[in-house]
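We begin with a single chain expressed as structure tokens, specifically the form predicted alone.
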Amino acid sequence: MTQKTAQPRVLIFDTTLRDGEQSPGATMTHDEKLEIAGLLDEMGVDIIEAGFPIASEGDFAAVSAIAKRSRNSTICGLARANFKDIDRCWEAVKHARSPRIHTFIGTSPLHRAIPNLDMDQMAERIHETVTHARNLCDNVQWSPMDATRTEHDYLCRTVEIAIKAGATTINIPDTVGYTYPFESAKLIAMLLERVPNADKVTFATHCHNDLGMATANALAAVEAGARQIECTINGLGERAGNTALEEVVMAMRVRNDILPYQTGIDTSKIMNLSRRVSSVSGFAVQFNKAIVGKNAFLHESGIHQDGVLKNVQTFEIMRPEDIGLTATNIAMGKHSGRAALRSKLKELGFELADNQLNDVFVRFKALADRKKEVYDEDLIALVADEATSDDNNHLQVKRLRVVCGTEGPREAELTLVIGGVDSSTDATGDGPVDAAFNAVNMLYAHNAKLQLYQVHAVTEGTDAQATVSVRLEEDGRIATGTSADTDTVVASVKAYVHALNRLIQRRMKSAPDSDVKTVSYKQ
């Protein structure tokens, strides 16, 4: 009897909390970071890059707290190639069950010019900093930023230096999403062939999606010998984003015939994590997004519908339940009880404590009174909205009344709770939303500029909930707020106030040294 050969293991390195959070406006609160880290840990992510500890006191505190709470995952922090960054990173991750220091420096001609180091000086810097990191931690990852645009001879030289200095993982970043799949594969293969002791370390791939090829590039690198994929939930990340975790994991699962690799990911938890990351980051998932998009398992074409009804495999290459989607979308109504709501939310991936469930139940009943039927998407929006309604927020919407129509001025009467004190005003505007925003600005003076205002219907019908996203910019800080309500104007004001609360929180975060604010640390 022939014994089945175990498939090679590919490690999943999630950087949602570091590279993902670098998306303009995607800043998460301390509690949100801890929640997402906990969900990643439960899902089976091998390494969680929890943040950039020296960037701010808030980042340090979050990475440190995540390190102390982790049960399964290795907890990693990012550090530039200097002793101060590395020491701060170690202080944050050292209490983890399995800590890792990830240090990097830009090696391409463009990036070598930033610190004004020649090739020899940079080589010495790499040796010194990786050695220092390894003296603190047994698990050290090193990255040559912009590796795909670095001269091959120099890339081989620096990787060899990092391995000799004690790096246990070598990550090869395609920092600007420049490379093509066959190039991604050839680069990994070249390093494994040319660099001494390359077989003694793990090679990783970190791809950006500027040309829409992050997933393809990551999988090509794996085929060539990389055994760690750096990725984010929903592909969140700077510019066009990073490799999407759900895409590479499900690609290896669905096409295991040509991608014979295994991961430790519990794929049934993907959908819940996708929804939660979308909610806390304020970045909606596009409807046609692979794996987790709203339309990923919908069929409108008559031919497709007929085929799926006869045999679901005719037009579906994976089962919805494989990623945690429920098979049914049963509407709930005003007669549904607390137990039914708890059961439905659990089905959707939400485990709520009793006090949270009570809060959501009150909001559910209020919504059910306004809508004929409450669908799964309504409940997801309800839970997401409840998570943004913190009683400790500096600004809270207490009362709103608007007047609009074809005649007369559009007016808004608004009462905000500001620092625990009620403040009211009237304002006019070009429309009800403009008038309401003007009222907020009159009650709470600020310099933030509105960058984005989007409205999406959660479900169909005139009684549908609207989910509103608002993005604000103030002195280089960007914050996104979201809210849902059957009244679009109410949802708009709550989203606007949510974004302002996030800006207030960001003001309170201070970097330990001013250079961190200006030096790029993206990969």
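A residue's number is simply how far along the shown sequence it sits, counting from 1. These numbers come from a predicted model, not from an experiment.
Not pictured, yet referred to below: the form predicted in complex with ligand KIV.
Checked against ligand KIV in the predicted complex, the residues N234, T175, S73, T158 give one hit for a heavy atom within 4.5 Å, which is T175. Contact annotation: of the candidates N139, N171, N272, S278, the single residue with a non-hydrogen atom within 4.5 angstroms of ligand KIV in the predicted complex is N171. You can rule out all but one of 402-410, 93-101, 249-257, 201-209: in the predicted complex, only 201-209 has residues with a heavy atom within 4.5 Å of ligand KIV. Taking the partner from elsewhere, T179 is found to have every heavy atom lying beyond 4.5 Å of ligand KIV in the predicted complex. Interface residue remark: E21 is not counted as part of the site for ligand KIV in the predicted complex, having no heavy atom within 4.5 Å. Put simply, V383 is far from ligand KIV in the predicted complex: not one heavy atom of it is within 4.5 Å.
At the 4.5 Å threshold, heavy atoms of S143 reach ligand KIV in the predicted complex.
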